[in-house]
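Take a look at this one chain, the form predicted on its own, written out in structure tokens.
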Amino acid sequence: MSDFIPLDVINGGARGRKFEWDTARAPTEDYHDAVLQLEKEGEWEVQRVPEPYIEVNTRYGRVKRIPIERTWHHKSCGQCGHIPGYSTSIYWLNRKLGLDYLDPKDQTSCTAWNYYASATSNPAAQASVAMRNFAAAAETDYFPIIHCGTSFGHYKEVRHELIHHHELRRKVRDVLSRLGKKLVMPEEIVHYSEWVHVMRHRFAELQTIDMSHITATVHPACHYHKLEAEDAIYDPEIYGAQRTAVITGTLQAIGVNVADYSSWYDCCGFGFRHILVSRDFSRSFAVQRKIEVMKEEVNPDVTVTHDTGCVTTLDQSQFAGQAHDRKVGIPVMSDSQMAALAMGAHPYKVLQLHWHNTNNKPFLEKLGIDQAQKWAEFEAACDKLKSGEKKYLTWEDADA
């Protein structure tokens, strides 16, 4: 925690001073230089970030490029399986802005569950899965955007390993050659919430729901800002660049009041291995170290995060706390869902909030949304599917 300046110092002076990035503190080499050097040496091809893109600063002041469109969306198994409105909101935002994107049909899971949770895989297998997906993206000429924070963190660690270990690159190249694919490394590894962050002012321009009376807490995902920490986005206007800027910057852009709480740095409770082998610990941690602290210190209308496991754990753990009369009851949403909701997305057809466990109806009502009417509209759409009148909901249906 010694890296982080106390909030009273930040609020009292850091924002008023001319900010200078402390590039000398960077603990690693600039991965851009290493990635491009290996391309010069013929070790792999580098897929460049397509124009137009937006440049942002990462933790130690290095520049990262985030593409606006022509994005290849690396979906999350947990989002698709547990919180599908998370991914749907990301796509809805792209469509609302008229942006060119691709939902690939040949993407595989990142298999990071093996790596983080069970230790049943090996470096060559893990890296080969990552590079197969990157090669698939490059073949379409669309740039990969990673939906899952775990995949994002894992792929950055894969990049680090491949940069530094020639023998691993050789093994992975051999695997990909059997698949008929090249070894391709993206110029940047980009998380979807970074795209949401750089597009936040565009979202605000299209905002239809007033959120100025909403108070939110933020949970920054561990696998976003703690794994390969120097590759996360920071901004001197947000906590004096002492905390990652994503989520907070997005919420501020759409008018939400972001409140601080003491356990912001803690894990959500997911933690991978213990969500599998000690689920009661995960639920207890999520409730007692996160939700209850937020409730007691802030009592927010909603808490917002940007990773599959975080939304799932913080949301789905509260039923256990409620059964034991704990101080719970905070709706949990992703930043993409919040941005889409602010722009008028349907809470059930698009955000699919009925998949969430914690009661979010009072939150919707506070926003002036008639949740009962919205639910009736969703049920009417489902009835058309049941009767065979429609085979599936279209984007036009979602906006109706």
Partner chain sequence: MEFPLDLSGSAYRDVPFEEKERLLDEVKSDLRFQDVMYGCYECGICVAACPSARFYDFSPRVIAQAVAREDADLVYTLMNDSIWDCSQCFSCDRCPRANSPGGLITIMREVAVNNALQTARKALEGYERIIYKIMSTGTQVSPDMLQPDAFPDWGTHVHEIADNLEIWRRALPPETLHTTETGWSIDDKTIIELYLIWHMTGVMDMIKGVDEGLFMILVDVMEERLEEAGYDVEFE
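Source: prediction; values computed, not measured. Residue numbers count along the first chain shown, from 1.
One more form of this protein, predicted together with the partner chain, exists but is not displayed; see below.
With respect to the partner chain in the predicted complex, the three residues 160, 181 and 354 uniformly fall within 4.5 angstroms at the level of their nearest heavy atom. When the partner chain is considered in the predicted complex, only one residue from 96, 289, 202, 326 comes within 4.5 Å through any heavy atom, namely 289. Here is the short version: of 278, 208, 299, 212, the single residue with a heavy atom within 4.5 Å of the partner chain in the predicted complex is 278. With the partner chain omitted here, the record of contacts in the predicted complex names 313-321 of 183-191, 291-299, 249-257, 313-321, defined by a heavy atom within 4.5 Å. Using a 4.5 Å cutoff between non-hydrogen atoms, residue 223 counts as a contact of the partner chain in the predicted complex. For residue 232, no non-hydrogen atom is located within 4.5 Å of the partner chain in the predicted complex, even though that partner is not displayed.
Under a 4.5 angstroms non-hydrogen atom cutoff, the partner chain in the predicted complex has residue 132 among its neighbouring residues.
Though the partner is left out of this view, residue 245 does not reach within 4.5 Å of the partner chain in the predicted complex, counting heavy atoms only. Counting a residue when any of its non-hydrogen atoms is within 4.5 Å of the partner chain in the predicted complex, the hits in 366-382 run 375, 378, 382.
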